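First comes one chain, alone, set out as structure tokens in the form predicted alone.
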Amino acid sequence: MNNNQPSFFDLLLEAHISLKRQGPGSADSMRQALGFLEPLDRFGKTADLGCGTGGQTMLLAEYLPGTIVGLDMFPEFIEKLNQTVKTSGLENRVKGIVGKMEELPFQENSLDLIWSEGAIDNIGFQEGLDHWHGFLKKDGYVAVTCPSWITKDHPDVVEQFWSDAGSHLDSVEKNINIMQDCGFEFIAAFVLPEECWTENYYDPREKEIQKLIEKYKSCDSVKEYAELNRQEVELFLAYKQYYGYVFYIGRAI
């Protein structure tokens, strides 16, 4: 990393690697999603895709009895996950690997559960479900969170922001239809509460951004990075009634 002028990629990693979560979510929401998957003892092999540093991966290990593989494209995140796994004495059940969600390294029809929080949107909801379906056993499950419209009104400023970020928002109804078209029986969907964004992600991220500002004084890229992140927060607080993260749960058929 260039300490004088770090790139946006460098800043993203540095701002997120110390966070418990690299995106909106909560232990309560995770438990709510798991409630639709009971009995949990049937999940012998789980993949957590886009796992980040593994905050939810380690929580899954508390509820699921089988093996869990966390996959993320950032080696730094996976290194931290595997350090946590070792410290927790779970090397026999949990491991992190570097990989891409759109090129999964698993055998076909080998997984009982694919879990993914705040990551499928990076490759597209339909593209992700299409690709992932083939790696699930028949009657295996998928549980993912994806930003979605939660009202019929779709403000242009929100649409533009997510488009500029290389993303796209669809309605809950459309995503349910996409899930079914990709070969899943729709099980459940629910909206994550506001604190999943604010208390659990935006607030701790802002503290890390403040550290970056202090560390890289008079650095234009840091100022720009901080401004873009704060615009994201302001947008959510102004338009949170229109969109949010939604948990989608389906069964492979």
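Residues carry their position along the shown sequence, with the first being 1. None of the values given here were measured: they were computed from a predicted structure.
One more form of this protein exists, namely the form predicted together with a small molecule; it is left out here, but the text below deals with it.
Peer 1: Is Asn122 a contact residue for the small molecule in the predicted bound form, using a 4.5 Å heavy atom cut-off?
Peer 2: Yes, Asn122 lies within 4.5 Å of the small molecule in the predicted bound form.
Peer 1: Heavy atoms within 4.5 Å of the small molecule in the predicted bound form: does Lys100 have any?
Peer 2: Flag for Lys100 set to yes.
Peer 1: So, Thr46 and the small molecule: in the predicted bound form, are they within 4.5 Å at any heavy atom pair?
Peer 2: Residue-level check for Thr46: no, no contact with the small molecule.
Peer 1: Quick check on Phe161: any heavy atom within 4.5 Å of the small molecule in the predicted bound form?
Peer 2: Phe161: no, not in contact with the small molecule in the predicted bound form.
Peer 1: For the chain shown here without its partner, which stretch in 213 to 221, 50 to 58, 181 to 189, 35 to 43 has non-hydrogen atoms within 4.5 angstroms of the small molecule in the predicted bound form?
Peer 2: Single hit among the candidates: 50 to 58.
Peer 1: Quick one: of Leu136, Leu129, Val144, Leu71, which gets a non-hydrogen atom within 4.5 angstroms of the small molecule in the predicted bound form?
Peer 2: Contact residue from the list: Leu71.
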